[in-house]
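Quick setup: one chain, the form predicted on its own, written in structure tokens, and binding and motion questions come after.
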């Protein structure tokens, strides 16, 4: 398998400019990796690098598009500092994407920004929720009809600990491998799920197939161990970007990460034919949304 990591020398969040090779790589499911693009913490923010800032029974801290902060345990001063740190990362991530991918900007929809101070290795989850297993992102309760999931990550670990990922084969290879195992889409079942409020809207055939791929990948022990993949370490002071609905990935270890999610209609890509929606439509020969 060819490397799925594209290493770039950019060191300024506001210094990115469009590059057709980088854009094509990203839209093919590769990871854009910026080893010199550090997110600098303010002096008062060093105290935020502890899991103690998390409220009880919360996995991540989030700041939504309206500026509402969730998941922080602490007084008003701590809440203010966390919101400022996460908000500053959001602004820098948006500036980076705006420079790299200006064609996306009018169509992007902002999702909450997250701060993840918990150690990955200590999380106990079901196999379906376990992100240490190779997967593509797809969410059971939130059908998205082919909308893309673009994510910007940065490692702010103060102890020099890298965030370790495994990155897998191109999406079309994943789809060709696992689509034959997919259960057929049944529209009346999708209606029942919506009526019972298991899903927030009607699950399309696209969303059904993406969930089938997600679950098939995670449940296949041989694929997890022997499937095409490469290990990559993202050290503190680095940034990486990918379409997490297209890039097979597993998060193996690490602690203290900031992440920004942006949603994009597949039709607004530079090359819409490279989207998972287009690939699955082509492979099945059907209109999926």
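Numbering follows the first chain given and starts at 1. Given the structure is predicted, the values throughout are model-derived calculations rather than measurements.
Although not depicted, the form predicted in complex with a small molecule is the subject of the following passage.
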Quick check on this chain: which one of 89, 115, 206, 165 has a heavy atom within 4.5 Å of the small molecule in the predicted bound form?
165
The one option of 32, 257, 69, 53 with any heavy atom within 4.5 Å of the small molecule in the predicted bound form is 257
Touches the small molecule in the predicted bound form: residue 135 (any heavy atom, 4.5 Å)
yes
When the contact criterion is heavy atoms within 4.5 Å, does residue 177 count as touching the small molecule in the predicted bound form?
no
Is there any non-hydrogen atom of residue 169 lying within 4.5 Å of the small molecule in the predicted bound form?
no
In the predicted bound form, does residue 215 come within 4.5 Å of the small molecule, counting heavy atoms only?
no
Among 222-230, 23-31, 41-49, 247-255, mark the stretch whose residues have heavy atoms within 4.5 Å of the small molecule in the predicted bound form.
247-255
